[in-house]
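Next up: just one chain, as structure tokens, the form predicted on its own.
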Amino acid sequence: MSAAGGAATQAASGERAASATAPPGRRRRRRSAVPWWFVVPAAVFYVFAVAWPSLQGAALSLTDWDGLSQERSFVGLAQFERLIADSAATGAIWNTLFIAVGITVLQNLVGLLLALGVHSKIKSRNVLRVALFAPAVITPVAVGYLWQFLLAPQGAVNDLLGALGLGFLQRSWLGDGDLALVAIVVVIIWQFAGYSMVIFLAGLQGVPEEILEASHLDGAGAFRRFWSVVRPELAPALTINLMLSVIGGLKLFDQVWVMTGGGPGNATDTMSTLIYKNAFQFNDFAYGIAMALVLTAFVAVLSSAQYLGLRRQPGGSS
């Protein structure tokens, strides 16, 4: 063996000996450490594609830029003051909160009931799982056009009500502001209840059968078994579903825009549709960016508060 090879062998042996004599905590840290350079490509892409444009947008919200001209003037917080006094923006905020709350509560309730149903021993459970999840893979725009057709004054829903002798229930579902907002919530629940079902179903499959059988032998009824045994095991799935529902409801755009365009009037405008209108239809780009920043703050604050609240619950995810 050459002198160089012997020196390399001795160095490697010395490193192994030093590693063996190092404290256990240090050895674990060495094994679990990830080279920082793996993060660099993703971090560089994030900075140039997300962080830097976001900072530029925040700066533009302090101007009066129309999105087209080269001229812009600094106006400070005038766009945000205008937003507070804008009745259309106030209505859009309430509509957004209504949709987010309705989706969060009803979608997860329906998803949980569906998960409990298809988790049973019925023979058609696999077919039902596929059928109930299928709407979630359809693009939101296609769903919006489908339901716009079904809910039209001469659409399939009113035709069905007439055929059943329930003509007195026929409505202009998307022409009435109050009904249109409810119809949008129903459509979102129809599309994504199956998505929530799949997440709950994954949680249900993690519940030990032995515990359920033991509680049944102890005389616990179906509700008691669900509340005391199943519910704590579903805490992580519930946290995920609630987070997704809140965030999705707050930034909802596609279905609203396709089905109603924010109408009639501004009755179904959400923050997202109003941002689009101001930025790209009214050429009031700086005002649209100010609305987008407010929406971002809403999503961040409400989702963070919800997550922290759910973590404090028994069985909440860490």
Partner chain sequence: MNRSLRSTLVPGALALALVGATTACSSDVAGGGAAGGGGDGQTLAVAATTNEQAAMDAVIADFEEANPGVTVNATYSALDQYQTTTRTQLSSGTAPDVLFVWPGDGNPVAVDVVAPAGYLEDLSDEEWVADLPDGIRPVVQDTEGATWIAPISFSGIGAVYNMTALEEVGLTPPETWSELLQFCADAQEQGRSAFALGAQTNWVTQLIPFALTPSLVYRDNPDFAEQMAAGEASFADSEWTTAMDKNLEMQEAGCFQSDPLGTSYEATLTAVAQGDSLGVIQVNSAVPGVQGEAPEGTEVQLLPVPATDDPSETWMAGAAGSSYGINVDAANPDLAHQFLDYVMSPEGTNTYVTTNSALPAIPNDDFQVEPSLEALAQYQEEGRTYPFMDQQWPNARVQQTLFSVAQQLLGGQTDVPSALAAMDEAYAQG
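Residue numbers count along the first chain shown, from 1. Remember, it's a predicted structure, so these values are computed and weren't measured experimentally.
As for the form predicted in complex with its partner chain, it is not shown, yet the points below apply to it.
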Exercise. Applying a 4.5 Å heavy atom distance criterion, does Ala152 contact its partner chain in the predicted complex?
Worked result: yes
Problem set entry | 4.5 Å heavy atom contact, Met259 to its partner chain in the predicted complex | yes
Exercise. Is Leu174 close enough to its partner chain in the predicted complex to count, meaning some heavy atom within 4.5 Å?
Worked result: yes
Exercise. Hey, in the predicted complex, is Gln148 touching its partner chain, heavy atoms inside 4.5 Å?
Worked result: yes
Exercise. So which residues in 281-300, when you check its partner chain in the predicted complex, have a heavy atom no farther than 4.5 Å from it?
Worked result: Gln281, Phe282, Asn283, Asp284, Tyr287
